[in-house]
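Shown next are two forms of a single protein chain, provided one at a time as structure tokens under the names structure 1 and structure 2.
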Structure 1
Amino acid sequence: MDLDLRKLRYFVAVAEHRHFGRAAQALFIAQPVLSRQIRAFEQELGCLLLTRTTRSVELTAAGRQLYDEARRITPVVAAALRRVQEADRGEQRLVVAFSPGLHVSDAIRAFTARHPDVAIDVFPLRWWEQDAPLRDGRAHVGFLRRPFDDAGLRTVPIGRERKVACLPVTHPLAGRPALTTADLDGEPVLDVRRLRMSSLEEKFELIASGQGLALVPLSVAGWYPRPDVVYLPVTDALPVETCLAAPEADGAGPVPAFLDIATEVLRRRDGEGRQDGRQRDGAARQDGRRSGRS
């Protein structure tokens, strides 16, 4: 039922040595033990990992895959243990997740200035991830874009981003300087959340190939400058709200302090007119026209 990491380590040794005897020697165990462990491991997994003759040991397809996975998993587990022991020694840690395009460095810098003892990990979210990493413990605080599920989260609005429409250059509307939602009536709008595309780039591919168009936050569009897609502001579209969010349960630890400091920093920045999305309106229009011409 559980993957046995000891057996995995044994398997990695055999995979690397391609030789039971030498692998056993490297592992400081006897060779027959290794043979038996590997065989048991294969039985647990339900698939052969090695093709053995008395003269050579080779990996099967499953074995190659397992070997790759092992090299991925091993350092992950080791790092996890290290962090646990750091936590035990009193070191604090905060994982800050952020949606693509949102700026977190101001808040992090302000926080570390006042809490130099707290280690910060940044956790770049995939475009379709929002609140899930906050709920399952992969992150403690998040810079997210609405909509997402508020339940059980403490949220602080930190700004608004204009939406832009992404059209293929060949689209009749592509020459316009700007659009309104009325212009988009009847257009095939690709729903970002329905289609589970593996990356936003795929979505832009769909748009470029004329499969439809999409509304995305301004800063996301800025990340995918393409000659075959035009980005046009939609003047009357409701802006996308960006939020700070953290699980309500995290009342202790560095999370509340981070929320306070980040809110303060972002509010100040907003006051100076430097908030994300508002500042770069003109930029987007330029991007759109420029791409449209090329």
Structure 2
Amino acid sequence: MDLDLRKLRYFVAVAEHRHFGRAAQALFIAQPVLSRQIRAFEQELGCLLLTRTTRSVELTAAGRQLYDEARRITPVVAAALRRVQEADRGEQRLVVAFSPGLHVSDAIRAFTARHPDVAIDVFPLRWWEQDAPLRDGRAHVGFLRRPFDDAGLRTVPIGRERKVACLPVTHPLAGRPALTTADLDGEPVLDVRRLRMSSLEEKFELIASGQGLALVPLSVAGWYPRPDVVYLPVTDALPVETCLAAPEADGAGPVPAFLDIATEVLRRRDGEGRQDGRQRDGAARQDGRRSGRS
């Protein structure tokens, strides 16, 4: 059977709003039309996608599976259509993805200065999603943290980043100046294997409420300061490698030039950041010694 992308888009709207009326408003169509389209979609697929009551709409097991698939399918289709339209207009566009806490603005400014004819879009990655947008066409280049599946990708190492433990201020370990991995043995760790979370905000909310703790890169901690959460260095935790990545097959257009420029800019910035960090650590140690003598 052929997949009707319009009906799939209608189904996604209902799945997200859990209400036919609100979904119809978001789609700018009449509610009876939307209801007929969803029923026709279920008949075409041969399975029930939604259970309807007078108050709510819930997904069946098949509906939940289709919703998960649709969230991958619809962005790929939208990206493909965008590329077709850009090719027809003779435009060049580069979509740069970046992991939470990582910054690509310096690299983009340097690239734009040399290639002003290339339009740039940025694509913020969800914390649990790394290489997928590079594979499905939503992004051309990514500034990522390992680990991720680099099969079929060209990767360029940029630097390394320390990890810190994120835990609620009420935790017995919260008052320590630093931790080791042994200190965290037996602690409930929030990650994708234990619990799927849609955002870092949700993750930190769970940590603050005492549902677990997490090891996060230092730059992520800097982006999410909270009075009910503490970040402590983990002295023996392995650092996280940051790198640029792009599909190996994407060797034409603006991608190679961006990789060259971004590698130079981001490696230089990473080196300066490490030097600043060492200077801050040294100043802190000197302050501590002076305080001890006074």
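Take the two forms, superpose them, and find the largest set of C-alpha atoms that agree within 1.5 Å; that set is the rigid core. Since this is a predicted model, take the numbers as computed values, not measurements. Structure 1's sequence is the ruler for residue numbers, which start at 1.
Structure number, where the criterion is the form predicted on its own: It is the second structure that is the form predicted on its own.
Exceeds or equals 2 Å, Cα of residue 103 between structure 1 and structure 2, core fit: Result for residue 103: no, shift under 2 Å.
Core-aligned C-alpha movement of residue 50 between structure 1 and structure 2, 2 Å or more: After core superposition, the C-alpha of residue 50 moves 2 Å or more between structure 1 and structure 2.
Exceeds or equals 2 Å, Cα of residue 72 between structure 1 and structure 2, core fit: Yes, the C-alpha position differs by at least 2 Å between structure 1 and structure 2.
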